[in-house]
Ligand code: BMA
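One chain comes next, on its own, written as structure tokens: the form predicted alone.
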Amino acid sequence: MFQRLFYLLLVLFVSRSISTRIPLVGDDWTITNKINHTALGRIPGSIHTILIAANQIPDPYMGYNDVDLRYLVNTGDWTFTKNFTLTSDILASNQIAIHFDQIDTVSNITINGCPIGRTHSMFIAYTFNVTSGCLKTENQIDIDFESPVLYAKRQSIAYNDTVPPNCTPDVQHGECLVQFIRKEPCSFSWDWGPAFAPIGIPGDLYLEAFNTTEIIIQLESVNLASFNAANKTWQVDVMLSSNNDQFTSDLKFILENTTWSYETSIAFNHNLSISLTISDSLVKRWWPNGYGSQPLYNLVVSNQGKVIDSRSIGFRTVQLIQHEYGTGINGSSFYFSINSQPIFVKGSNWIPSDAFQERVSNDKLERLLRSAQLANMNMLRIWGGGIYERNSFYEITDRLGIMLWHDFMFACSLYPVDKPFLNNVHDEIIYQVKRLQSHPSIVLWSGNNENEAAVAENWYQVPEEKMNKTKEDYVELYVNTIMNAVKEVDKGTNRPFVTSSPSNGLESIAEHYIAADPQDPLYGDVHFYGYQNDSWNSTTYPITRFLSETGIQSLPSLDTWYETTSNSSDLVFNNSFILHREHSGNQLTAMMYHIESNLPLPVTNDSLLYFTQMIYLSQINQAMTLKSISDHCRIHSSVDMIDPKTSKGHTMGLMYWQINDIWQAPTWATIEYGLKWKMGHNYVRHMYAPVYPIAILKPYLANVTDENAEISFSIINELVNGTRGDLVCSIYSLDSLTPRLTFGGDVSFATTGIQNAFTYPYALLMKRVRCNDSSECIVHCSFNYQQNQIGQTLFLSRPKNYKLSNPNLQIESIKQLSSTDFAITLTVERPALFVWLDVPVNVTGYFLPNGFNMFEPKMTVTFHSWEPVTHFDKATLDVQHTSLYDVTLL
């Protein structure tokens, strides 16, 4: 068995005075499959990105290449080779190790023919000892990778038992048996992404030479374990390790930018855990986005005056409140309380942002996460079918106040539970929790995605005689292995754990971790997709305690489609090319159903224009669907909204599916692969606003003569210190900017809450404004508070039923405010619905707002470019505009 000295020690953070690193990354690696490809390329990299750079394969994201290039990973093995030189000083070192931040996935490593180690998990950093006899001045490292597809198949055969599902649905064009390899599950395909199953080294790689006569200490982890409310002190747990034999260490801990420090002399025997006590009076609290600031403190650890390492930490308490409501109300609550402040979660689900992680820049992560913050999000769920992200991702979420619900990487499958697999999983959990637990943004660990539901509802048709064993295996993996591994290193009370999403929380535990109905809306979190219903009608959605997955697909922009094909004939709604990239099956049919139900269809005979307008309509549909879901959740967020007859209500969170894309395709994402915001993301920013007006017509789309119908206007306030403002509502027809009626009133809050501003009988209101049919009128409201204004439009009929007048939408002016910011002034003569602005593909950024309804003759919006625009003219910022009226033109 190969020696694996340090691989559970995270990254070796060692003082440079006692170690020397020799980088092994660079552009001088050779890869070969010994059949039809040999290429020189760069590490970090994978076979795909290296072969692209060597012009040996086309862009994998173009055309049908996700299938055409499958031979690269499913027909054989690959060898990565590099030659490197070592100096005599390095060779004289007492100990040399080789370290991989990440290696994907199954490989054997040799240096100069000497066996060094074997890797079998993408989710563990590996460090192997290299004996001195294996090294010389001129060296060659060879990394022999096994095909992940063939490896998974071999493991499945060796397991000698069925572990369903065997393969992904045919529509996904995927690979089989991903549950038998500890690799990014969605790399074998998913219902929104391709199957490339990459092979390579996406992370850092280096040799490290040590002088073992000196004391070497590694900082393994820092964990904000708990807060003592009585003493007003924080417990911070620090884990250290050393390969030196027992010695006495003189440790010093300094919390920078405070007066706190602590020194101790203590016996050190390979592993040491120390609990530090820090007074609350010395630090400021870390808050989620929208609730306060995110102060971070650097905890520096030294031994005998030499800095070992440091971690950035933030001080916050986390509670997942699951309490019973009392007599007559069934179920239990499910909400997060941060620093004793209940938080309504506004968020989304995060997937890997590229099939090839070496292509993901820190700038891209920054812009995606900044887009989440700008959209008023306070939480993202790191979905369990993807990856544990790189360190910079978590540093950004710490800084931006984006809380993380963090799944472990298990999704939509049963898994093997033999000892080697469980040992591998245990090592993975220990490694990842140690690496990540210092981050205040991570507020919850979750064992898996949808696997409790898969077992409880028997998604995979497991025979009845095997169900007890299947349930035992589930508990063995997620409770006895994963949960217990988390408890080994993430001790304390400051980060809860749930075994699955969705689950019934404590109720699932009471039912031995597999609830009879893990989707019970009276407990825990729920995943819900209502494709068969009118997605604009909020009453078709369940009233849950916490909705952690929901959403609907849309098409990406035309510019994004041209990144996948140069043939305009491919760009036809529902044709074979579009269907090839839609991996969910029947989603385009569902998309068309919802569009036809609510919006006018294009009438043009120009096929490309028709497709462009269908993109626009699909994004309106997604935006309005997400708004309807969010309004539904937020209006039921108060505990006072619980219906005593059904016990439903007190919805305290929404995380729609999904914020980002892994490639260019019809998906649920609100941000396209190239970072362009879809209309849905602009609506998310609006619907997640901290102060938000909601207008509701009950029943939905009531007839103007319905004497029982009513129209209500409410304000939701999340500002802890309260707010006060004026709600002004107007009823318009679409042929005039002059309202038929305007009404309103003052609304004030002392603290957070929901307040009904006014409610009117619908029939009486319609009679007063002489609307004989609901399609003649539309309601638009504006709430003005603290020098802010937020609008809300209520459609009294489906937009397709309105007689749309030409708004004569024009751009009056474009002014550059800075190198990245522009002001665009628009004018209309009549109301304009779903006004959409776009810029050329060579300019990336976002408009604020966008996709809006315009009821004023003049309006100014802003555009922020991610990159500076140094030479501004109309050509560089050629803003295009459209409205719903344009769809009706021949």
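This one's a predicted model, so the numbers in the text were calculated from it and none came from an experiment. Throughout, we count residues from 1 along the sequence that is shown.
Quick note: we don't show the form predicted in complex with this ligand, though the next part is all about it.
Exactly one of the stretches 191-199, 554-562, 683-691, 616-624 approaches this ligand in the predicted complex with heavy atoms within 4.5 Å, and it is 191-199. Contact annotation: residue 444 falls outside 4.5 Å of this ligand in the predicted complex, judged by heavy atom distances. Not displayed here, this ligand is approached by residue 529 to within 4.5 Å at the level of heavy atoms in the predicted complex. Proximity of residue 549 to this ligand in the predicted complex falls within the 4.5 Å heavy atom cutoff. At a distance threshold of 4.5 angstroms between non-hydrogen atoms, residue 412 is in contact with this ligand in the predicted complex.
Comment: this ligand is not present in this chain, but in the predicted complex one of 536, 344, 657, 234 has a heavy atom within 4.5 Å of it, namely 657. With the partner omitted from this view, the residue of 544, 223, 449, 670 that lies near this ligand in the predicted complex is 449 [heavy atom within 4.5 Å]. In the predicted complex, just one residue of 364-387 lies within 4.5 Å of this ligand by at least one heavy atom: 383.
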